[in-house]
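So this first bit is one chain, no partners, the form predicted alone, shown in structure tokens.
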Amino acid sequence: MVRFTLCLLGAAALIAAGSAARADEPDAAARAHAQHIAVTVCGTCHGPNGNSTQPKFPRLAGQNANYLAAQLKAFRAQTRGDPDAIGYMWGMASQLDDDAIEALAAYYAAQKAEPSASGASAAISRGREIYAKGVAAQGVPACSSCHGPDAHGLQDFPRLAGQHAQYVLKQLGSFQSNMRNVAIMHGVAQNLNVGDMDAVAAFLETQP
């Protein structure tokens, strides 16, 4: 219960900070430049519209703009330290100024997320239960408390619906080891076993 309360308190603080920090919408020139970057550069890994078909790389279509902008700035500042951030995104983001970052975030947020996978299994059912209710015995809060009942994200918390299971698992591992240093997610992931993480990732991949 204490862990769940801390998650909600952290969520409220991040939402308040993110809401105050949003800049004006990008102008037409910035939007056009962002689309060019997205299609010709980012699209190599993430797909031209952000619907990556490569499970190693996250799907960005429909992602929350606040979250995307924050991650791009963390890549640029080299403060997000998971392996792919170091291997790919530190260099990519180093060339982006704040205007380009805001425009890219707005571009991807406006794209339509396409279905990633579908299916029904015991693992998906277990993942749905963990996502909606958490695992009380292990001190794991419901994922839906921060990411929304439909996994589309809330304010600064990312959309997870339709995300590649392989990518979700990789990030949970990074949170668990603190390689990706996010206190809220470390608190959640450290108490999830491998089977639970597999189940949540499988469930999320099937969500529209």
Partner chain sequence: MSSMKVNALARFLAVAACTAAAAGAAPAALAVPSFARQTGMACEACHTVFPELTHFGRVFKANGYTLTNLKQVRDVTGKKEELLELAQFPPLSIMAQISYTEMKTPVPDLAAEGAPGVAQNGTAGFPQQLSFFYAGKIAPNFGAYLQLTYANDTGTIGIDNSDLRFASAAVLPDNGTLTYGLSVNNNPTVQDLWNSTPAWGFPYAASNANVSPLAATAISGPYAQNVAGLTAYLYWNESLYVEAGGYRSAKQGVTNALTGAAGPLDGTTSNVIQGLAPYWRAAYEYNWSRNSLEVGLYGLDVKVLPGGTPSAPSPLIGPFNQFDDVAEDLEYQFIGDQHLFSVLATHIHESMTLNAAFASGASANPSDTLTTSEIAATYYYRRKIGGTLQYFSTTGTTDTGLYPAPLPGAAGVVTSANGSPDTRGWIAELNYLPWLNVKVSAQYTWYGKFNGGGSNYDGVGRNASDNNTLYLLLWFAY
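For clarity, every value in this text was computed on a predicted model and none was experimentally measured. Numbering follows the first chain given and starts at 1.
Omitted from view is the form predicted in complex with its partner chain, to which the following refers.
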Review point. Every residue in Val39, Gly87 and Gln166 with a non-hydrogen atom within 4.5 Å of its partner chain in the predicted bound form?
Key: yes
Review point. Based on heavy atom distances of at most 4.5 Å to its partner chain in the predicted bound form, which listed stretch, 43 to 51, 152 to 160, 175 to 183, 59 to 67, is the contact stretch?
Key: 43 to 51
Review point. Taking heavy atoms only, is Ala132 within 4.5 angstroms of its partner chain in the predicted bound form?
Key: no
Check your understanding: His147 near its partner chain in the predicted bound form, any heavy atom under 4.5 Å?
Key -> no
Practice item. Decide whether Pro55 counts as a contact residue for its partner chain in the predicted bound form under a heavy atom distance cut-off of 4.5 Å. Key: yes
Point to revise | Proximity of Ser118 to its partner chain in the predicted bound form, heavy atoms at 4.5 Å | key: no
Practice item. For the stretch 100 to 131, return the residues whose heavy atoms include at least one within 4.5 Å of its partner chain in the predicted bound form, in the order they occur. Key: Tyr107, Gln111
